[in-house]
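Shown here is one chain on its own, the form predicted on its own, set out as structure tokens.
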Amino acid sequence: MARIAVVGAGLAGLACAQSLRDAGNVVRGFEKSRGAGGRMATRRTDHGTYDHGAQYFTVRAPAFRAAVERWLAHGVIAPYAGRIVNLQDGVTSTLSHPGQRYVATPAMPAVCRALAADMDIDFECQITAVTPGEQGWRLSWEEGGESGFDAVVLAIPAAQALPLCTAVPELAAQVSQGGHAPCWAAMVRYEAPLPLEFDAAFVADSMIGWVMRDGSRPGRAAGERWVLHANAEWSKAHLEDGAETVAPLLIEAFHAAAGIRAEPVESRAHRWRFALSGGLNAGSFWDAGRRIGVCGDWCADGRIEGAYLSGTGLAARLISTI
């Protein structure tokens, strides 16, 4: 039985932690946010919720399909049957890659919250250093720290993981190859339904790349709420702009792309510094000698499925060497 620290309570970290615990290890999680989910996030308002991060996921690998079947059986996800199109200058076209999509219910963090329900996790605890201790690894945070971990998993974006693995230069070199592009997201509510014959769209030739009617997905409250995602290039160029400046610009771009005129009754914006990743297609990184590893969507293929498989894959590597 090993004592293992998992930093990060997004899907990759929780999938890894669950696998490690199921193998008989003692697992303690650390998460800087107030709850589990990472970019599978929801913003709550008086008029309903906005899933302003990840919007859906797909399934390819049999191992992930097995997990999806379990989540379906427990009611924490549901198939998404919304009308998704390509959108350019007010003209829609059929997707070339339709496929089945899934969403967590009643909000995108539901899967992670279910995984975290019986886990030992310290929330609102940001790890500031991971250093070799007298007995295994020591994790430090603002209020203190704790030693005696036999192994450490960093399930966080590459930019956040890099300063925590400097004690293992070879691992740090691998982590330095990864990264995320930013994404500005706008959350917009309208009084009446918009005159659009689609629920979500991949947008071309615009500063926004994706839009979705939040209420079109199962388990969501009624109401005309939209989430707008700016593309990576625009988000990077406007990374330090204020939310009050960004929201109107994204709304204007949405109206132009959709060919509509409408007046929102509510809007806000959120900046994701670490949002989009093409992925390194490495699965995960693990130093068996020092017993420290890194996982996440950016280690894999940048998708939600990749995050899950990265976490379970790292757990398998860890279990085989402890």
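So that there is no doubt, residue numbering starts at 1 and follows the sequence shown. No experiment lies behind these values; they were computed from the predicted model shown.
Form predicted in complex with a further copy of the same chain: not shown, discussed below.
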Please tell me which of 265, 260, 61, 26 lies within 4.5 Å of a further copy of the same chain in the predicted complex, judged by heavy atoms.
61
Residue-level question: is residue 3 within 4.5 Å of a further copy of the same chain in the predicted complex, judged on heavy atoms?
no
Can residue 292 be called a contact residue for a further copy of the same chain in the predicted complex at 4.5 Å between heavy atoms?
no
Although a further copy of the same chain is absent from this view, report whether residue 282 comes within 4.5 Å of it in the predicted complex, heavy atoms only.
yes
Find out whether any non-hydrogen atom of residue 306 is located within 4.5 angstroms of a further copy of the same chain in the predicted complex, and reply yes or no.
yes
Work out which of the listed stretches, 123-131, 215-223, 89-97, 136-144, brings a heavy atom within 4.5 angstroms of a further copy of the same chain in the predicted complex.
89-97
Candidate spot 202, 278 and 301, all three touching a further copy of the same chain in the predicted complex (heavy atom, 4.5 Å)
yes
Taking only heavy atoms into account, state which residues of 99-138 are within 4.5 Å of a further copy of the same chain in the predicted complex, ordered by sequence.
none
